[in-house]
Each structure stands twice: as structure tokens, then as C-alpha cells.
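Quick setup: one chain, the form predicted on its own, written in C-alpha cells, and binding and motion questions come after.
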């Protein structure tokens, strides 16, 4: 597979691994509502923030949407969009690597971009996500006209590149029923199937499917003639005969040409309205709408530059997520994706480096919780509720020499060790030394007085008594990995009990 090369790529592919692993520290005065919520707004460098999330959320994010700098050689008020080409590529590569680790096996990533870097980004994402996992380049019609001052042409579109984590696990995508479908398409009624609503006619013959001999047959009509398709029918002979008997086919003749159509009802057999497949052309949600939404939220002087409209983001979330799924945006800008996720009852994590994390994102989400009525609020019947927590990046888990920071808390170290050992996120934030079982091996952590003894080494030393206590917490007759400050069992005792002992801090490695 072709891959992209640029100045400093060798360093870029190492950046994610070499990036500092930091703690996330909550800022209670900027959080809002119930403190048990999983909704997070993080201020800080998104590379370090993504790395801090991995031990807790690797493989758990259903949808990632990002709107990174477009590298247009412009300068916007709230962020720098003037990066040299190779710098831009080096910015994106390590972040895409970490985003892929966070994405679930059935998840998808959507990246807004324009012509300046779209084609380079496509090749880069082929490398990171795998070319077979590419779904499509959505074309977003961003404007409905204007451009009189353009030198050569009027630019009306941008792209949204879409990849899956694993195309074999990715489900079908659907949009809700079109509210104008009856008026536009479903113009016929059928008393026999009135519970399925009106219908429209669709051709039964097709030329687009692969050649299949079992779909080539004649359909007998009452006057004795037999109708054959130019290539083949869409349905099997049995299904077609059943539809004919149920009066679900319409046969018409015009200028000696006979056509067979089937009735496609607005509702399926269970009475639910038929959903739509999304197309790779997105229309009806324009940059101007996003600007008006930003002005309504922040006023003319503080509006955000070229924010995405809420309708565009809701279309994406509707197509690839369900309520309570987790959504991540690591270039959250003015907070549009988090606001939309909140109104649509999705969980979310938003990351933003600049001060507008506090001046725009946090106030905007407070308004959403309080029932703000702009954007998609009326369309999704939003009236307020929910909460979010605000975080900043704190101190590093490891110092410049790779030594463990002794100030970190038990749950942070537990999540880090579990991920380093298993490459899966810690399933529970429990206060137990037992972390879990992976591939038949049980993991325990003796740290920070987890067993109740707050003396410097109390409960953190593996002794026969402590081992007995651990096996009372979780009975296990297979191999064990136990982290602690030191072991008093000796090599023979560890071997006899099938224990691998790892000493803190020396055996705790950076991710």
C-alpha cells in the first residue's frame, strides 16, 4: 500500500509513544451538574489528553468527530490555522494513532477537511486505519451561494473523511425517516395494507446487481403473456410470486413496453417508518447556520470563526451512534460536537487547547444543560438536563527519567498498569487491589494503602498474610501478577504460588 513521506515523519511516528503521560485533574468550579457524569470537557494539549484517556477508554469510543486546523495559511482569532505543510502532517499523525486506540471495534472516525490537505490526509489515514476500513469521502455543501469576490471559482464544499476501526464489525448506517417523505415520494395509498401507510413505486428490474441466474425468470400476467427483465429482477421468483398474489406489484404498459414495479411502503411490516441510507452528499446545513448559532450564543463580538452547524454534526451522530454511545472530539473548538451529543443523549469527551475551552465551550455547555434552544434543540425536543465535568491536564505520571510520580492515586496507577499489561481499559474504578483477570491471569495492585494501612509501606508489601487476604478477595488457582513495593515471599514462594511479582516503581513502565 502506498504511504506518505514528509520531512520529520520518522519523529512523528514516535511522538505518541514519547508524549508525556499526564493526570487529568478536575476543576470543580468549571464543572456543572451531577459529578457522577461521564461527560468530560478537557483543556490542554490534545495529544497528552488523548494519552491520559487511553487507560480508561481504549476501545470504548463509538464515534470520533474532529475538525482540525485546515492549514489554509489564514489566521483565525481563536486558533492558529497557519502551519507549514510538514508540520501539519506531523501534528495529525500521532493524534490519529491515539484516536484509533480509543475507537471501538464497531466505531467510526469522521474528519472535516478541505482541499488544502484532504488528499494527504486520506493517504495518512489509509496508513493508520487501513485502506480497507475507508468508508467514503462525504462531500459537505457548506454554502448555498455567494462568492462574488472569489478569483477563480466559488468554493461550495468541504469533505468529511470517514473510516471504521474494523469494517467487518461496522454496522449498517441509517438516518431517521424523512419528515417530508410522504409529500415528496409516498403518494399512493393502499387500503389492504393501510397499517403500513402510503407507498411509492420502485422498479423490480435491476441492472446494477451482480449477475445471478436465479434472478432471471418470467413473470406471468393475467392476459397470458410472460414478462422477462432486460438483465434480472431484484427478488427471487418465490418472493415475486408472493408479492404478485398479495397485490404488491404494479404492472404497467406504455408504448408496448411493459414494466413491473413493487410497492415500497412508508412503514415496514412492524409499523415502523422506513429509515434512510445516508448519501455521501450532505446538504441543508451550511456554514452560515453555524455562524448564526455562534452569534446567538456568544454575541457578534465573541462569535467563533466558521463553526460547524449543529445540524451537520447531528446528521453524523444520527447515522453512526445510538443514545448513550460515547463520542469524542479532540479539536472541539467552540463546543459544537459536545453540545449536539448532549442534546442527543450521547456521552461525550471534548478536548480543546486554547482559552476558549473556558470562554466558549464551558459556557455553551452550561447553556445546553439549562435548556438552550438554538441549533438542533427543537428538532430533538431538547429542554435541558444532564451535566459535565471540566478537567485540565495535571502533573506527569513519570518524571523525565522515567520514574513513577509517587503522588498519583491508586485508581490512576491501577488503570495504567491494567492497560500496560492487557491493552484493554480497566473495567471498574473499584477500590480493591484485585484489578481483574485477563487470559487466565489475575492482576493485583498493592499501592497507596489500598488495604487500609496508611503507613508508608503498610499493606504494600507482599507477605504470606497479604497473599492470603488477596485470595480471599478473589479466589484464583491460576497464574497471578502482583505489583507492590517489595515481596517477602522469596523466589521459591513466588514460584510455588505461580506469582510474577513486579516492584513499584521500577517495574511500572510508561505507555
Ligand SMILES: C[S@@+](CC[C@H](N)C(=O)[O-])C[C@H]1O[C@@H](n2cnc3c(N)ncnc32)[C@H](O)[C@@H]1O
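All figures in this text were calculated on a predicted structure; none of them were measured in a lab. Residue numbers count along the first chain shown, from 1.
One more form of this protein exists, namely the form predicted in complex with the ligand; it is left out here, but the text below deals with it.
Visitor: So in the predicted bound form, does residue 163 come within 4.5 Å of the ligand, heavy atom to heavy atom?
Guide: Looking in the predicted bound form, residue contacts with the ligand do not include residue 163, since no heavy atom lies within 4.5 Å.
Visitor: Is residue 55 close enough to touch the ligand in the predicted bound form, meaning at least one heavy atom pair within 4.5 Å?
Guide: No, residue 55 is distant from the partner.
Visitor: Taking the ligand as it sits in the predicted bound form, is residue 335 in contact with it (heavy atom to heavy atom, 4.5 Å or less)?
Guide: Heavy-atom contact with the ligand at 4.5 Å: present for residue 335.
Visitor: I'd like to check something about residue 418: if you look in the predicted bound form, is any of its heavy atoms closer than or equal to 4.5 Å to a heavy atom of the ligand?
Guide: Residue 418 lies outside the contact set for the ligand.
Visitor: Could you check which residue among 307, 375, 433, 107 gets a heavy atom within 4.5 Å of the ligand in the predicted bound form?
Guide: Contact check passes for 307.
Visitor: Could you check which residue among 204, 353, 426, 99 gets a heavy atom within 4.5 Å of the ligand in the predicted bound form?
Guide: None of the others qualify; the residue that does is 353.
Visitor: Where does the ligand sit in the predicted bound form: which of 481-489, 60-68, 28-36, 462-470, heavy atoms within 4.5 Å?
Guide: Residues of 60-68 come within 4.5 Å of the partner.
Visitor: For the heavy atom contacts within 4.5 Å of the ligand in the predicted bound form, list the residues of 91-112 involved, in sequence order.
Guide: Sequence-ordered list: 91, 95.
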